[in-house]
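Heads up, the chain shows up twice below as structure tokens, two forms, tagged structure 1 and structure 2.
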Structure 1
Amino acid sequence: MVTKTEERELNQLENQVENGGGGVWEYLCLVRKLKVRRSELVLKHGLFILNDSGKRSALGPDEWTLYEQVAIAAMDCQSLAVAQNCIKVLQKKFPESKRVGKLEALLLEAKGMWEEAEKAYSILLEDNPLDQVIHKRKVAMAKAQGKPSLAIEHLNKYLEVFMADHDAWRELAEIYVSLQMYKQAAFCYEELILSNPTLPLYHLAYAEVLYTIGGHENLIAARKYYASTIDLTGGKSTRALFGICLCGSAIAQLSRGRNKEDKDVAAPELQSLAASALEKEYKQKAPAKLSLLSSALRSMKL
């Protein structure tokens, strides 16, 4: 993750380069170091260096790194002819390189040649079955083709090996949610909470999935995770506060006709506290919308 200091440094250098103040190579190096995407500027200024034989030769071995960087930026910008020319130069210099092989597969993917790209990635995986980048490219290709079931299959196989990859678990959960496979999504968020129990984002997402599934037990659990989100954020999650109100209202409806001992005695007090906190926050930050909030809370009988 890029820190505020690094982002400020990058933006300053970017302004300097864009205004003709020099520092193009330093800017390109910093973009690469921070692993950020500034594709249009990388393409523009990278080609400026590569098209000047003097500037290019002054880079020494870094010339090939720049060819790679520009090739990727060109694919991002759909300048596929430029990407192909850069890759050809790298192929000539490093004919047996697996790293260049990845660029070739990426170019096939950028052209929409899915079958050819899939074959290229499969060949690369035969040489290195633990290459995480290639596994993730296969997931991205499945999503790009509108094949979420295939993306799920690739992610599940990937997570059998790389079980600690939080981003992969989260991506899998989001695909399940998009397909309304909420129980499977809930399992993914449980894994994320177990591995990182202090991150409120996972608690909130899990609560929302449980609320969507519905049922008395799931709603009780959803309210619990909305409450933990509020605790972890120091009371600053508006979404979680509203979630507690929604859970309380839904639980009250399901509890009608139940025995007194089965009723949710914690709901009224917790809902009241959440509603008060919401009204206070809206008064401070969005007073014009306070009437809308009050109306919504009234509809939930709060």
Structure 2
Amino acid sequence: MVTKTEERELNQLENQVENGGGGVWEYLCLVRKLKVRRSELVLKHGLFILNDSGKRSALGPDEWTLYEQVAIAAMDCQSLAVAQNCIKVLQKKFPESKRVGKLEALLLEAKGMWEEAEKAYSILLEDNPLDQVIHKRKVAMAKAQGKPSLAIEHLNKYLEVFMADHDAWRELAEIYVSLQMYKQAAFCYEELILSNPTLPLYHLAYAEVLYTIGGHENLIAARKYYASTIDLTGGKSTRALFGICLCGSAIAQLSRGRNKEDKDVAAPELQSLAASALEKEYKQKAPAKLSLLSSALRSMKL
């Protein structure tokens, strides 16, 4: 997960690097640190350094980290020959290395040789059964082969052991959402909110899933979590502001014909606050879309 500041820094460096302004090593390090997927650029610029023996030796021991980084990027871009070459260099430098062994197995994955990759990972797991990266590769392989239920199975087993791995909970939630298994996705977000109550991302995701499941109680709950998202982001979450309006509208529709006691008291004020915040934002940043926004909001105030 990357913050907006980190993303800005990354994009700045990226522009700089792409326009020949230097900073390649800083960029590659940042990509590694943030664990983002910029494989084409990493491949292009990393290879440029690796192919220049002067630049390469200037890196010192970091040279090997770069080989690893470029190997993975190459695999992501299906430049398997490049990946193979990088791995060969690492094999020579670190024979018997488990870390290099993982790269070899990853290359098998990249080639689509699933059975061989599974075998390679199993062997690696024998020596280190708690290697989180390898367990996650099993999930990735299941996903890549179009077996989401198997991916879910693996992820659930993984989370029984590594229940504090937030990225894994998020991945599981997203797989559930893609399969339209919203209740299960909701459970994952509940776990995330329990362990990270101040991260607005989870509140927002939970609200969106609740709204999607629908029904009076879920809509009320969704609105609460949209509200907490707004609270935690200082009112800056456009999605949450929209969410409040959508909830208000959906609850009103459901409440038609219901008893007066069930009447949604919070709605009007909350909805108009959210609507004004949205209009203010659009007026400032996207004035051309303001009238569209206003008519959309009007059609929600049923």
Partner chain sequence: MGTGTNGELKYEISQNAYIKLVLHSLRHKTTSVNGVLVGRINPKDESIVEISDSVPLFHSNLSLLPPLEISLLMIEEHYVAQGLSIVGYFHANERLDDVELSGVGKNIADHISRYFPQSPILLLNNKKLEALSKGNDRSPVMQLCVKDASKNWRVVGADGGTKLLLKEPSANVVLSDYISSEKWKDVVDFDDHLDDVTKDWLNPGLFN
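For residue numbers, the reference is structure 1: its sequence is counted from 1. If you superpose the two forms and keep the largest set of C-alpha atoms that fall within 1.5 Å, you have the rigid core. As the structure is a computational prediction, the values presented were derived from the model and not from experiment.
The form predicted together with the partner chain is represented by structure 2; structure 1 is the other form. Once the rigid core is overlaid between the two structures, W64 counts among the residues whose Cα shifts by 2 Å or more.
The Cα position of F162 differs by less than 2 Å between the two structures after fitting on the rigid core. With the core held fixed between the two structures, Y282 has its Cα displaced by under 2 Å. Once the core of the two forms is superposed, the Cα of E9 has moved 10.5 Å between the two structures. In the core-aligned comparison between the two structures, the Cα atom of K98 sits 3.4 Å away from its counterpart.
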